[in-house]
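Take a look at this one chain, the form predicted alone, written out in structure tokens.
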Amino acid sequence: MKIEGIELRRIAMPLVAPFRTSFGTETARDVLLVRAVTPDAEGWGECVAMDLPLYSPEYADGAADVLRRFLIPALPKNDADAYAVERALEPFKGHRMAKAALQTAVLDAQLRAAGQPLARYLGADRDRVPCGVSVGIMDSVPELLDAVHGYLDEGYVRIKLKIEPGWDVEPVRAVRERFGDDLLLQVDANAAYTLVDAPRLARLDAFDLLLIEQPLADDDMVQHAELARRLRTPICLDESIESAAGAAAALTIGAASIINIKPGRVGGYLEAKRIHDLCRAHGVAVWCGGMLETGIGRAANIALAALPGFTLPGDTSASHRYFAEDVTPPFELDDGHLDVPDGPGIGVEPVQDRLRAFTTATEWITL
């Protein structure tokens, strides 16, 4: 496959409500989209980097810069497919979110030309996936309970609560007491704690949580392993896992017993599949996390979440969880599940008038 050029497109997507985590509050998404154009098809990828380097060192402006200066010029001119792109980008250190967006755009074009859905290409065995929802930090426990009640009424099968020091034990207790022991409930700290907080985190053991996600710093697997020995609640790693090799290391030393796979964080869907295969071979549960993606990124994540090793509900969520109007036709919840796109490639395309309305800048780079 010959790549004729790459378009970088920035879009501004307001959120339906502020989303607060331990590292900040988002009210809108500044999204970098990548479009790969070939003689036979075009493909789309979404960069999940935020506008500020708070979740990870990457940020949207930086991703755009490294794409235009280094990654796009390195693309193979002919015989380009997703694996060739991965090999071409490997010498450049880091920048996994930028690499993932570019690789996904090429993979989407490749599969559209072949008439093959991404889910089938990856090895999915389901046509719908169960969905959980991530609930941000609220101003009060009553506000939190109202939000959780609303999401359960919509049909979400699992609730994830964002936590931080001072907003952890009491909110979790309130949700468990209000909605009962049958609720699938987990928490996400986004690296807000240290090992000194182990006694407080151990108090969460009383609430029969599915997992506690990324309690400690993303660069400290050793202390995660120590924390795991002090808790009954399973530890799941998110920010710490950047590759299949990293996942293998975490499992080897006991730093985690569950892995959250985010394709953007690990460099794309090929590496995400490798992590899935590793964990499945060792009987380790995985689930698909989210980064407030538009329908472009959401479609690809749903395809990934349909693989057999994804045994826990992910954070895929319906489109209207975050956006009043999406850049693609919306994904809608049906009995707590989302349908896996079955069209070629990622299975969805932007609605052109919406895309134009949300666009703030475009750049075309000819190969």
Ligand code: NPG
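So that there is no doubt, residue numbering starts at 1 and follows the sequence shown. Here the structure is a predicted model, which is why all the values come from computation and not from measurement.
The same protein has a further form, the form predicted in complex with ligand NPG, not shown here; the description that follows concerns it.
Shown alone here, L33 lies farther than 4.5 Å from ligand NPG in the model of the complex, counting heavy atoms only. Ligand NPG in the model of the complex is not approached by E271, whose heavy atoms all lie more than 4.5 angstroms from it. Ligand NPG in the model of the complex is not approached by L338, whose heavy atoms all lie more than 4.5 angstroms from it.
Interface membership of G290, defined by any non-hydrogen atom within 4.5 Å of ligand NPG in the model of the complex, is confirmed. Residue D238 is the only one of D238, D220, E164, E86 with a heavy atom lying within 4.5 Å of ligand NPG in the model of the complex. With the partner removed from view, the residue among S134, Q186, Q110, T233 that has a non-hydrogen atom within 4.5 Å of ligand NPG in the model of the complex turns out to be S134. Per the 4.5 Å heavy atom criterion, ligand NPG in the model of the complex is contacted by stretch 290 to 298, the sole one of 221 to 229, 290 to 298, 192 to 200, 277 to 285. Residues of 313 to 329 placing a heavy atom within 4.5 Å of ligand NPG in the model of the complex, in sequence order: D315, S317, Y322.
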